[in-house]
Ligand SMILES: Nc1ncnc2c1ncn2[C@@H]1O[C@H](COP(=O)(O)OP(=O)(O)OP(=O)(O)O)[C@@H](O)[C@H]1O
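One chain is shown next in structure tokens, namely the form predicted on its own.
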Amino acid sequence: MSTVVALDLGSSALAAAEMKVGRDRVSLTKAAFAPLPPGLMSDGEVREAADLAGELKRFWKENKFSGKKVRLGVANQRVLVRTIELPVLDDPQELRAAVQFEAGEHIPIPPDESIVDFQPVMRYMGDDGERERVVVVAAYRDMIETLVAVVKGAGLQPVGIDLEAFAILRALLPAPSVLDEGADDTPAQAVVHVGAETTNVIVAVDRKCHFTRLVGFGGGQLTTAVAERTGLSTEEAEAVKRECGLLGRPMEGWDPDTVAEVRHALALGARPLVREIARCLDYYRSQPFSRPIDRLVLTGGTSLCSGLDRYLQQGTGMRVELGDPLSQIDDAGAIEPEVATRCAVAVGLALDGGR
């Protein structure tokens, strides 16, 4: 069996997952997360490289991950995702050349300043013959190089970098069956990953990303809303946000009036998030290639806020389910569900190296 380790450097925490990969079995052998001091990462980008490398080195040593080779994910405003359409090209080199050429028309980053990758998502019959829809990902080269330098500074070796949206889909959605893949009547699935500072809204068909948008709103804003309304410290507001939430059982010993204020703050604070998610999904529905969305899967650390899924369901009018990052793994051992939720991106990154 081989070992795959993946690392997610979030704005407020580090998370990693380690998997043992066999011919017919993938086992999650370790997953861990740890909070980061404020200011080291912001909006998905490195701000204090040396300090972040030190935190990462300490995190790796304390959790005793196997090996030094790691897979990484990226998601920030300096990563652009566009959908383009091309004639079907079966030769991989011709397809890559065509994508690189078309990317110049759609991606507002100079070629020498960007790193471009792509993922074909579907073929269809157009007016002038068979065509292929391709999702193109372009990232600023300096941002990627800074991320890689931090990881190397911690004594680790990056062996792959992927878009976080792709990793999230691998962790939460089952792979399509051979018989159903590519069917015209397959509905879309929406996945919403709510992190500390940003929310990733993704729409997929057959586990392939057809649309993704990063929204500048995360769980940190909800914590701030609770703290400002109740006068609680940030740490207390974070705890009561998660434990009490919008619908959860009040924490033992908490005053009922305070609990009511917490829930009122969360309800008001979550409105902008629900509106932005709805706008993203409406934009997807306006596209000529859109499909009916069957359900919305909620994930990310903020999904641990009790009742947020039901609040989102009421606000969007869609069926909302809490995601399970362990659902695509044969053996998750004794990994706690909360740890798995916080490590969803890392789990999906590791799956890319295992399946």
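Quick caveat: nothing in here was measured; it's all calculated off a predicted structure. Counting begins at 1, following the sequence as shown.
The protein also exists as the form predicted together with the named molecule; that form is not presented, and the subsequent description refers to it.
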Can you tell me whether V320 touches the named molecule? I mean in the predicted bound form, with a 4.5 angstroms heavy atom cut-off. no
In the predicted bound form, does Q189 have a heavy atom within 4.5 Å of the named molecule? no
Consider E132 of the chain shown here, and say whether it contacts the named molecule in the predicted bound form, taking contact as heavy atoms within 4.5 Å. no
C305: touches the named molecule in the predicted bound form, heavy atom cutoff 4.5 angstroms: yes
One stretch from 48-56, 326-334, 296-304, 64-72 that, in the predicted bound form, holds residues within 4.5 Å of the named molecule by heavy atom: 296-304
Is any part of 186-219 within 4.5 angstroms of the named molecule in the predicted bound form by a non-hydrogen atom, and which residues would that be? H193, V194, G195, A196, E197, T198, G219
